[in-house]
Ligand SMILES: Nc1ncnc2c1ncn2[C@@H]1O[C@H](COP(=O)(O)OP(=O)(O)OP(=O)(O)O)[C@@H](O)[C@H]1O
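In the form predicted alone, a lone chain appears below as structure tokens.
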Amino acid sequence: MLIQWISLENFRNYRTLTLSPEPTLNVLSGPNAQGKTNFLEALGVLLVGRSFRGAKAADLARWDAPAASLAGELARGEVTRSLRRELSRREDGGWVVTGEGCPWARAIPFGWQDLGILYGSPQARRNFLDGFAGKLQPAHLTAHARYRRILARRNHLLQRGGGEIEPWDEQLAIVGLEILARRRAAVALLDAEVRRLYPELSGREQEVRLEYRGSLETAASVERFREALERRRAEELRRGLTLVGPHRDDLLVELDGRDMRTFGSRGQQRLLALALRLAEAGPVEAAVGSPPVLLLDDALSELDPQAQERVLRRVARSGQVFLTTAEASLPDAGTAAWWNVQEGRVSEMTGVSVREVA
């Protein structure tokens, strides 16, 4: 899948912009706070309808603009698809993103917040897994939203004494097991990919291992799920919370047998978090039939020049990639298009040199 062109109007700090990126590596260079990340965010909103930074729709429009819009054209083989997203204010004053998506459009973002996959809360790792599973099977996100509604209702009943809770136990178990099955399948795919990918990026033979840590056994049934809920019922009533289910699970990430939630240098953690994101690309391509677009925000910072070179060589053969950097030059990764970003304007740079790696 390729983005042929994109047009922005009143998005973040961009008043207007139309750009036709290259089909391979696009480097967005310039000082901080000029709009590099905003441009990646615009690409993500165009492709999937939401901000990978978790921003609300009200925060995406240019200050004091009554509305904003994104448009573009995607290509996959001989097939092209036009996309348009509108950001507008509802009658109640809230903002909404509207527009029809493309069933084969996928974006894999990386940003500083992804370091939370390693040392953040279990919720950050669950969000990562659910996002990946949703890229493989969009039905996972629908099931996840339903699970959260069931969970909220069940917690409400627990806080009111637990009356008539059994039907909600049944629903929680049915939808929860669906989520668990997809999460475990996602972990198996990521584990295989990152075991191969991380040593390539680090330049060392190191073993990465992912393990899903669940509150239920792997082969749990609806009946076993309900039994687990019943065993914790007294404690749940005391705390007013559901204590069994996928909302309580975690992902273990080990490097050479050490838990990366508490171990590792900043550079190691950043490289491993990046490897986890890049590991999504192969399975997503297999599931959708075309490679996803990579949106890599400041992915090379805190990495030594040799690691930067290895990352660049990897992403340069990963389809269409957008990489932001505040650096004026990067280690040689072959042919790349360079774009200068200044105050919400993007211009093509020619004759950009790359620095040699010692």
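Note that residue numbering begins at 1 and tracks the sequence as displayed. Everything quoted here is computed from the prediction, not taken from an experiment.
The next section is about a form of this same protein that is not shown, the form predicted together with the ligand.
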### Task
Look at the stretches 60-68, 299-307, 285-293, 43-51 and give the one with heavy atoms within 4.5 Å of the ligand in the predicted bound form.
60-68
### Query
Hey, in the predicted bound form, does residue 331 get a heavy atom within 4.5 angstroms of the ligand?
no
### Query
Taking heavy atoms only, is residue 38 within 4.5 angstroms of the ligand in the predicted bound form?
yes
### Task
Consider residue 340 of the chain shown here, and say whether it contacts the ligand in the predicted bound form, taking contact as heavy atoms within 4.5 Å.
no
### Task
Considering only heavy atoms, tell me if residue 318 and the ligand come within 4.5 Å of each other in the predicted bound form.
no
### Task
Scan 192-211 and write down, in order along the chain, each residue with a heavy atom lying within 4.5 Å of the ligand in the predicted bound form.
none
